[in-house]
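We begin with a single chain expressed as structure tokens, specifically the form predicted on its own.
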């Protein structure tokens, strides 16, 4: 069969998925600040222009420079970096997204261009504009930033819940998918909260304000934390809209996802509790140290939510269409018949180190099917996972990956490639000796074939449904 894509990226002990995930969390946090920051500055300009709080104009002029630096410079850099790393690590996923939603993405970029143009106009001309014009320019900036979120949210939520797209292939059926609205609501609330917290920090650090002025401004900025009261509702809505198996990973089926989910919920609760108890009930002053701590908690809450969003898609990157190792369900079925890694035309970086062709095949199988989520002995390393397994156990676990862990894709290859991967793992666990026997026992290969056939070529959820396990909707 034709080899699907160019798979040669290797980040050593750093798992490929971690590269995208870590960068993505940082970029999302910056984007949330840009979206909520526009709302905050429009709100402060309205306070100043209507005479309710003339002092707020100074905050607008000072904080907008921070917003420009963060959203225009850092946001642009991390955004480009996201494209670069995604193309390197998972080109088929980003390719499918662009193929399906190129016009939606073009619309999103149009609003991003409007956001940049209005922001630049305010940056250059605000000092010469009257209050009304300043206000409406900031409203345009905030609207454009939120619309950018609106369009990209449809593409990202489609990955987890493709909705009617799976049957019809329709763009709008995929865009307005089951998690579109709860995701949009949750991200909007998170953006407002992020801007409110960063606003409190910036006001604390800005020179020239009296303590009484800071107190008034901080309590105004903290108004953007009030919508956080809706976060539990938005979070519960999102969870209920998720597929049952994905919700199962979050709610205890995967300890990593459950921990990150708990991190996000816990950090959000702490921020909300502080805002309610200290800022609203007792109207205390938030100092710079507390504001810094809350901004950090906000970052951890975003990290937890983004990890859950990314992890709950497993074993897919696009549910039902593309597995996390960038192999399609149809290609898995075909690879069981004719092989996949054996058709890999690209050389191994350390190819001369392997004493047999079988070990080279095993290394290519790892690179193609495992390396997006596993390293050898770094993050989520196979050496740590498999070091206590017997060879027979190793063969069975690889042949039945989706039964071993239901959030793993099914193995895409025949018995010979399972055996090659098993031998490559054993060889590396035993110190990569210069001599290693090739194994081709027909009885072993027949047993592996039986193990492969027993689980089929579908995902783990298909086995659960077939066997009547853990399906609650």
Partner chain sequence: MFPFNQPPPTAFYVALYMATLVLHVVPMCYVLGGQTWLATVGLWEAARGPASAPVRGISAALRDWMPLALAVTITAGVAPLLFLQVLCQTPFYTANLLLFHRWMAILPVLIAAFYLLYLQKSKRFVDWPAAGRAAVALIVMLLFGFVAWSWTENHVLSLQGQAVRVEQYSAGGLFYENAETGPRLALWWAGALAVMAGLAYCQTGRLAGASRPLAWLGLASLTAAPLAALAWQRSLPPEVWSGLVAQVWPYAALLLAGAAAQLVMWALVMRSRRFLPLVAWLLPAAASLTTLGVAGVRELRRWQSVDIAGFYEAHARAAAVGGWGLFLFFLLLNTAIIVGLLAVVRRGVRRSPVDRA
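Just so you know, these numbers come straight off a predicted model, no measurement behind them. Residue numbers count along the first chain shown, from 1.
One more form of this protein should be noted, the form predicted in complex with the partner chain, which is absent from this view; the next part is about it.
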Item to complete: Tell me the stretch among 132 to 140, 226 to 234, 393 to 401, 371 to 379 that has any heavy atom within 4.5 angstroms of the partner chain in the model of the complex.
Response: 132 to 140
Worksheet item: With the partner chain left out of view, which of 299, 209, 123, 181 would have a heavy atom within 4.5 Å of it in the model of the complex?
Response: 123
Worksheet item: the partner chain isn't shown here, but in the model of the complex which of 173, 293, 385, 114 has a heavy atom within 4.5 Å of it?
Response: 114
Practice prompt. Indicate whether residue 94 is a 4.5 Å heavy atom neighbour of the partner chain in the model of the complex.
Written response: yes
Worksheet item: Might residue 244 be said to contact the partner chain in the model of the complex, defining contact as any heavy atom within 4.5 Å?
Response: no
Worksheet entry | Any non-hydrogen atom of residue 110 within 4.5 angstroms of the partner chain in the model of the complex | yes
Worksheet item: Should residue 389 be counted as a contact of the partner chain in the model of the complex, where contact means heavy atoms within 4.5 Å?
Response: no
Worksheet entry | Heavy atom within 4.5 Å of the partner chain in the model of the complex - qualifying residues of 79 to 117 | 80, 81, 83, 84, 85, 87, 88, 91, 94, 95, 98, 99, 100, 102, 103, 105, 106, 107, 109, 110, 111, 112, 113, 114, 116, 117
Worksheet item: Looking in the model of the complex, are the Cα atoms of residue 351 and residue 416 closer together or farther apart than here, the change being 3 Å or more?
Response: farther
